[in-house]
Structure formats: C-alpha cells, structure tokens
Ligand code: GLN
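This document starts with one chain, in the form predicted on its own, laid out as structure tokens.
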C-alpha cells in the first residue's frame, strides 16, 4: 500500500495587520480554520460550527486562556493559510498527515485513524463490484473494482491524494484503466452527483456513514487494497492531526497536551476521550 505519510508574516494594510496580530498570538483570539461539512469532526448545527475538532480546540482555548473563533473556509485553502500564519495559526478539519503538508505546517500528534470508504448507489446504478475480504471479515470494495469509473472526491482531501496516485502512478491500481477523478468543493455536492455524473465518491469512514444514514438511496463500504490472498488485503487508511503554523511552539504544545489527555482518558468500555466525542457527534449529526 502506498503510505501517505514560516513564521507570522506582516500584513500590508491596517485591517490585515489587525487580523494577523490576533491570529498570530498577539491578541486574545485564536482563529481556527475548518470546513464545516465533515461530520462528526466539523459540521453545522443551527448555524453554528460544531464537532469533535471544535470541542478539542475549545479545550485548547481554555488551557491558553484565549477565545477561539472558527472560520468555515474551503478545505483546500486551510494548509496554505496555516502555513502563512497571517489570518490563522491553526487548521482543525479532519486533516490527514502527508509529507507534502509536513513541508508547510507543523502537525500535532495523531488523534484519530480513519479508513477510506466508497459511497455508491444502493440500487446498483453505476456501482462497483463488491468483494469479500478476510482481513475486513465482510464486504469491501477493492481499488481495482473502480477501474474505468468516474470517481468523486472532495478537492484537497486525503481521498483526493490517494486517488490521484492510484490513477496517475504506474504502480497504481487504477493506472491505465480509464478511471477518472472529479473533484468537488463540498461533500454534499459530490454525493448528490453519484449515479449522475460519477459512479462513486471516496471519503473517510465516519462522514461516509453519516451521509449514508441520512440517504436511503446510498450505501458505503470500506476501500481495500487487494493482497495476494484475502488475509493480506489492506485497508486504505490515514491519520488525523491538527495543523499549526511553524514556530507556534506554545500553541502546538497546548494542542498536544489536550490531545494526550483525551487519548489517555479511557472509560470502562475501552473508549478514550476522542472516541467518546466521535460517538457523541455521530449521534447529533445523524439526528439521533
């Protein structure tokens, strides 16, 4: 499986300078960039941005004695904005750790491991072949089952990065198969296009399950690399972390401290603090 593994700039105008001063730590406000269409990690509820990442960053704000303001922006601008450090010093948006992103930002410790899932039409319209994997102990969709298909992704996400390599690199499972990628600015638009202009959409497990739970016409299954035997099949996975502007060491330390406390807080059922937040927001996002 293919593994995916500075300082605040002065603003040119008075208004930009004020924003930069606040974002870079000179004021008492911590501006966090997110993309509120990725439940349960960030989503809109009654017009407010809520979710797992929001709860985490609010705890960071309490630790630092700073007010936290969340800005809902396009996902593909978050890393570059954090790297520049002028309008924000933090990106909390279910961000996956990749080498390309590491060159631009500092990452917190990983706090969640996500599996990629494929969303498809339940009635089989333009749907891929479903396989069985001993590794998953159930039904899966293999990369090579997407050969020749039009595949939707949200631009700039890890699904986008995975798919780009699988189509464009000669070792990729979809190389030379006429599979194509269609990027979308939001998951909701991408999902609404399934069965129309695309066959499937690839996104992370939890938002996939949330979207499918709210749409009777859709189903989803985990995405796998096919091994030489079923026991050697391997899931397509990535790890989430929070992106921080290089040089913001106190901020990064506070984020890591909050994450470690949550990860170490394991209840009698074996769920840590992050997992409990995930379950709480999955219920809320699904309307339960």
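Positions refer to the first chain, counted from 1. Fair warning: this is a prediction, and the values are worked out from it, not measured in the lab.
What comes next is about the form predicted together with glutamine, which does not appear here.
None of the heavy atoms of residue 108 is located within 4.5 Å of glutamine in the predicted bound form. Remark: residue 95 counts among the residues lining glutamine in the predicted bound form, judged by a heavy atom distance of 4.5 Å or less. Taking the partner from the other structure, glutamine in the predicted bound form has a heavy atom within 4.5 Å of a heavy atom of residue 156. With a 4.5 Å cutoff on heavy atoms, residue 142 does not count as touching glutamine in the predicted bound form; it lies far away. Comparing 118-126, 95-103, 164-172, 211-219 against glutamine in the predicted bound form, the single stretch with non-hydrogen atoms within 4.5 angstroms of it is 95-103. In the predicted bound form, 38 is the single residue of 33-48 with at least one heavy atom within 4.5 Å of glutamine.
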